[in-house]
Ligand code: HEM
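The form predicted alone is given below as one chain in C-alpha cells.
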Amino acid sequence: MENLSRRKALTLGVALGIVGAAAPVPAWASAGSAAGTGALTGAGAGAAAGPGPEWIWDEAADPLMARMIDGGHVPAINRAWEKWVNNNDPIPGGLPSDFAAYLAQANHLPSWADQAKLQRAADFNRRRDTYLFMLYGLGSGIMSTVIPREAKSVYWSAGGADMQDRAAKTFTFGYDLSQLGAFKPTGQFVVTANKTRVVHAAVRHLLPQSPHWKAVADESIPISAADILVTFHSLGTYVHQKLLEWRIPYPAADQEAFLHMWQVAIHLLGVPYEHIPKTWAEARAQSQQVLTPILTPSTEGIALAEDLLGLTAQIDLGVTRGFLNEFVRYVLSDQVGDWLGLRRDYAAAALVRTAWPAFILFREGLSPVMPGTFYMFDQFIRAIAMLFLNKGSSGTTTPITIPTGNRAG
C-alpha cells in the first residue's frame, strides 16, 4: 500500500511538474536552506537540532494578536491601518502601543535581501506577467483547494464565507509582489506581507475556537511555518517548473532572481531563514516530499474550487466553462480535475493540449506559424491576468483586514 501511494504521488508530481531528479530527502531537511543550516522535523529530530517548521508558528505575532483580539482592539486597528499602504509610509497613529511597536520592528527587509536580484525579479515579473498570473490563478489557486490543511483553514475562517473578497485579497498579495518596485520604499509588498502575517496570527488564535474546523482538522494550530512552505511550493516551485516545462525563455539569472523574491516573501511571512530552500533543486526536492504526497480532495476544498472557478464567470474569458475545466486539468492533471468534479469537455481538451504549445511557440517568437486559436488564447490569459491587474488600473487597494471571528456553521 505504501508503494502504491508513493507511485500515485510520483505520477501526480510528474503531472504537476514538481518532481525533480533529486533523490528523496527527509521532509524538512534544511542543509540546503537559505541559511545552510537547520533540522529535521518531528520525532526524528534531535533536541539539539531545534524544532522543525511543523512545530514553528510565529512567536512574535501570535501572542500579540491573541491580546489584540481578546482585548477588542481589532476594529480600531483595521480603521487605523487602512491607509498604511506603501513600504515607506509611517506607522499609523491610533494603534495600541505594543501593536505599533511590533509593526515598526517587522516592517523592513531582512539584511540578506539582495536589491539587485529583487529588481531583476521585478523586471522578470513584468515580462512574464500574463503567464505568471494565469499559473498563479488557475494552477496554484485551484491546487490550494486540494491541499487539505489549507482548504479547511480557508473554508472555516471568516474569509471562506466570502470567496470573492478572499480572492481579491489574495490577488492583492500577488499583485503587490509582482510590481516593479515591490520591495522599494515606494512599493507596497513589505506592508502587504506584514499585514498578511498579522492576519495569519489572528487566524491561529481564532480557528482553534471553531468546532467546525476542529472536527475536520488534523492539527491543533493552523498555518505553521511548514504550511507556509507548502503554499510556497504550490506557488513559486510549481510556476518555476511549469515555465521550464513549457520551454518559455527563462535564463538562469531570472530563475535565481525569481527564487530570491520568494525567499524574501516567505521570510516576511514569518518563516525562519534556516528553513527556506536556497536553490530550486532544493525547493523541488522539498516539494516532492511535502506537497505532492499530501494533495487530496476534501469537502471544503471541492466547495472552494467551485467558488473560485465561479468567479471567472464575472469576466469575459472568451471561452466556455468546459474549456476552463479542461485548462485546469491541463495545468494540474486529470486526477485533480476528477477529485474536484470538473466536468469533461473532450473537444476542449483536445484543443488545449494541441493548440496551447503552438500558442507559446508563436508568442515567444520561436515559431513563425500563428495558430488559428492565437487570439482566443491571448484573450484568455489576458482576462485571467486582469483578475490581478484590475487593482492596478483602478488605483485602489483591496483592504487587508484582521478577522474577529470564524465562518458560521
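We number the residues from 1 along the sequence you see. None of the values given here were measured: they were computed from a predicted structure.
Below: the form predicted together with ligand HEM, not depicted.
Trainee: If you check in the model of the complex, is E300 within 4.5 Å of ligand HEM, heavy atoms only?
Mentor: It does not: once ligand HEM is placed as it appears in the model of the complex, E300 has no heavy atom within 4.5 Å of it.
Trainee: Might Y273 be said to contact ligand HEM in the model of the complex, defining contact as any heavy atom within 4.5 Å?
Mentor: Contact check for Y273: no, nothing within 4.5 Å of ligand HEM in the model of the complex.
Trainee: Does ligand HEM come within 4.5 Å of any heavy atom of E326 in the model of the complex?
Mentor: No, no contact at 4.5 Å.
Trainee: Answer yes if any heavy atom of L268 is within 4.5 Å of a heavy atom of ligand HEM in the model of the complex; otherwise answer no.
Mentor: Taking the distances in the model of the complex, the answer for L268 is no, it never comes within 4.5 Å of ligand HEM.
Trainee: Please identify the residue among A158, L132, L138, I77 with any heavy atom within 4.5 Å of ligand HEM in the model of the complex.
Mentor: Residue within 4.5 Å of the partner: A158.
Trainee: Name the residue from L259, V154, A283, A305 that puts a heavy atom within 4.5 Å of ligand HEM in the model of the complex.
Mentor: The residue in contact is V154.
Trainee: Would you mind picking out the stretch of 145 to 153, 332 to 340, 274 to 282, 178 to 186 that comes within 4.5 angstroms of ligand HEM in the model of the complex, counting non-hydrogen atoms?
Mentor: Within 4.5 Å of the partner lies stretch 145 to 153.
Trainee: Let me test this: is every residue among L351, A383 and A385 within 4.5 Å of ligand HEM in the model of the complex, going by heavy atom positions?
Mentor: Heavy-atom distance to ligand HEM in the model of the complex: none of the three under 4.5 Å.
Trainee: For 225 to 244: residues with a non-hydrogen atom within 4.5 angstroms of ligand HEM in the model of the complex?
Mentor: Sequence-ordered list: D227, I228, T231, F232, L235.
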